[in-house]
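The same protein chain appears twice below, in two forms, each given on its own as C-alpha cells and labelled structure 1 and structure 2.
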Structure 1
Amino acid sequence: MALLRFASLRLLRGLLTLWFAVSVTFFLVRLLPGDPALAIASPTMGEDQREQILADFGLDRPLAVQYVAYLGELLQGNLGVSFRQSIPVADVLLERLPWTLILTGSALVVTLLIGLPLGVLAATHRGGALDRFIQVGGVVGQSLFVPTVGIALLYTFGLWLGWFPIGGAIDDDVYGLEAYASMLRHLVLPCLSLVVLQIGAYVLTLRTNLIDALGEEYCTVARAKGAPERRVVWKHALRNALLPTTTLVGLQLGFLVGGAVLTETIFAYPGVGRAIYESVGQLDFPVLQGAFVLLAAAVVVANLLTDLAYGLLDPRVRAA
C-alpha cells in the first residue's frame, strides 16, 4: 500500500508538472514577435488571404479558446499540423526523435562510464593531489555554459584540427559500416559537449557519498574482518554510495535535454532541439509546442521512474 500511495503521488505530481509546462509553452510561443500568417504564406498576400490563413489554423479565435482547444486535441494525442510543412507535427518529431535519443543516450552512458570511476578515484585518494585535481575539474565543468563548450570544441577539433565534422549527423551516400562510422564521427563533438558539462555533478556526488559510506560501521567491520580496502570500496561502500546517483540521473535529465537543444543547434544536429530552433525562426507554433511537450513529457517520465526506482531501493523514501 505504501508503494502504491507513493507511486500515485509521484504520478499526480508528474501530470501537474506536465500540464504547467504545456500551458507555459502555449502562451510563451504566442508572445514571439512576428505574424505567423506571413511565415506560412507570401509577405505580399492580401488582408483577406491573411485572415483566411489565420482562420484555417484557428489563430483568429480568442487566446483562451485556442488554449482549451489545444488541450482537448492534446488529450486525444493530436499535436496539430505544421504551419510550414503542412504535415502532422507527430511525423516531424518522430523523424527527429531518434537523433536526439542517440545524442542524449550516448552522453549519459559516456558520462557514467567516465564519471563514476573518477568519483571512486577521488574518494579513495581523499585529500591528495589527484582528489583535488578531479574536484577542480568537476567544478569547472559545472560552471561552463553549453554554447561556450560547444563552440570551443567545434572550432578546435572541427575547424582548426579538422578531426571531426562540424555539423550534421551523417554523411550523404554512405551505407553499411561506413554509415555507422560516419554517425559516430558526427556524434563525437556534440556528445563530448554534453559530457563535459554534466560529468562534474556525478563525480562530486559520488565522491561525497562514497567518503561517507567508507566511514560507516559496516565498512569498519569489514576491515576488521581482514577484507582488503579494494573489496571494502567496491563491494560494501559503493553499493550504498550509488543510491543517491539514481536520483541524480533523473535530476540531470532535465539539464541533459536542455543542453541537447542548444548543442543540436550549435552542431546543426538534426534532432528535436534543432527542430525547436528552426520553428522559432519560422513561427511554426505547432512544431514548437509539440517539441516542448515531447521533451517535457520525457523529463517527467524519467523523474517518475527515478522516484519509483529510489522508492524500491530505499523503503525510507516511500514511507516518508
Structure 2
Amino acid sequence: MALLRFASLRLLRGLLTLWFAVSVTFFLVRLLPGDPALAIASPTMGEDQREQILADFGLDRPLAVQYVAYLGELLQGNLGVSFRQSIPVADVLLERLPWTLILTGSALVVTLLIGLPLGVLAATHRGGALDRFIQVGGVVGQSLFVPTVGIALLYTFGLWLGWFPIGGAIDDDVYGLEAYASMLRHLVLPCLSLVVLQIGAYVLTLRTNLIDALGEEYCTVARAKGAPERRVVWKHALRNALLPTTTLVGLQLGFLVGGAVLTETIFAYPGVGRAIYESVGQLDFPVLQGAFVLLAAAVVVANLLTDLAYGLLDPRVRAA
C-alpha cells in the first residue's frame, strides 16, 4: 500500500513537471521578442496574406484561448505544424526519437557497466595510485566540453584509424543482421562521447558511497564472521552503496539529453538533437518547442522508472 502511495506521489510530480515544461515553452514562445508570427510571415507580404497565415496557425486568437487549445491538442499528441516543412511536428520528431533513445539508453548502460567496477576499484584501493588516477579521470571527464570529446573521437577512430563511420546512424543498402551491425558501428563513437562525459559522476558518487558503506558496522560484523573481503564488498556494501547511485541516474538524465543534442550534431546522428540543430538555423520554433516537450517527457518517464526501481529496491521507501 505504501509503495502504491509512493508511486502515485511520484506520478503526480512527473505530471506536474510535464505541465510546467509545456506551459513554460508555450508562454516563452508567445511572450519573448522573437515573434513567431514574424518568423513565418515575412514583412514583404501584404496585410491580408499575413493575417491569413496567422489565422491558419491560430496565432490571432487571445493568449488564454491559444493556451487551452494547445494543451488540448497536446493531449491528443499534436505538437503543432512545422513552420518550414508544413508537416506535423509530431511526425518529424517521432521518427527521430527512437535514435535518441537508442543513443542515450546505450550510453547509460555502457556507463553503468564500466563505471560500477571502476567505482568499486577506486573505493577498495582508497588512497592508492589507482584511486588517484580514477578520481582525476573522473573530475577531468566531467569538465570536458561535449563537442571536444566528439571531435577528438571522430578524428582518431573515424578519420585517422578509419575504424568507425564518421556520421549517420545506419548505411543505406543493408538488410537483416547486417543492418544491426551497421547500426552498432555507427553507434559506437557517439555513444562513447556520452560515456566519457558522464561516467565521472557515477564513478565518484559510487566511490564515496561505497567507502561510507564499508565503514558501517554491518561490514565489520561480516568481516568478523570471517567473510572474505570480496564478499563483504560485493554482497554487503555494494548493495547499499548502489541505492544513492540510483538517484544520480535521475539527476543526470537532463544532462545526458543535453549532451545527446551536441553529440548528434557532431556525428550527424538523425535523432531529436540533430533536428534541434537543423531547426535552430531555420528558426523553426514549433519543432524546437516540440523537441523540448518530447525530451522533457522522455526524461520524466525515465525519472519515474528510476524512482519506482528505487522504491522496489529500498524497503525503507515502501515503509515511509
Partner chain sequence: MSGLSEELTAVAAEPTPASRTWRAFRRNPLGLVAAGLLVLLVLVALAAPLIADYPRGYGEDVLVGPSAAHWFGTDHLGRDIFAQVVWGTRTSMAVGLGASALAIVVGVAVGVGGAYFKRLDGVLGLFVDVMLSLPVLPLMILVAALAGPSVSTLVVVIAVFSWPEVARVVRSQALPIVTLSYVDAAHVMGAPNRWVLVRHVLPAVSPVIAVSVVVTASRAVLSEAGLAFLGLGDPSSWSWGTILYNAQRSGALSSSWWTAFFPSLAILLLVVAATLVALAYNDARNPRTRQDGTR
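Treat the numbers as computed from the prediction; the structure is a model and nothing was measured. FYI, numbering is relative to structure 1, first residue = 1.
Note on provenance: structure 2 matches the form predicted in complex with the partner chain. For the motion between structure 1 and structure 2, N78 lies in the same rigid part as L18. As a two-part rigid-body motion between structure 1 and structure 2, the smaller part of the chain turns against the larger by 20°, taken from C-alpha fits.
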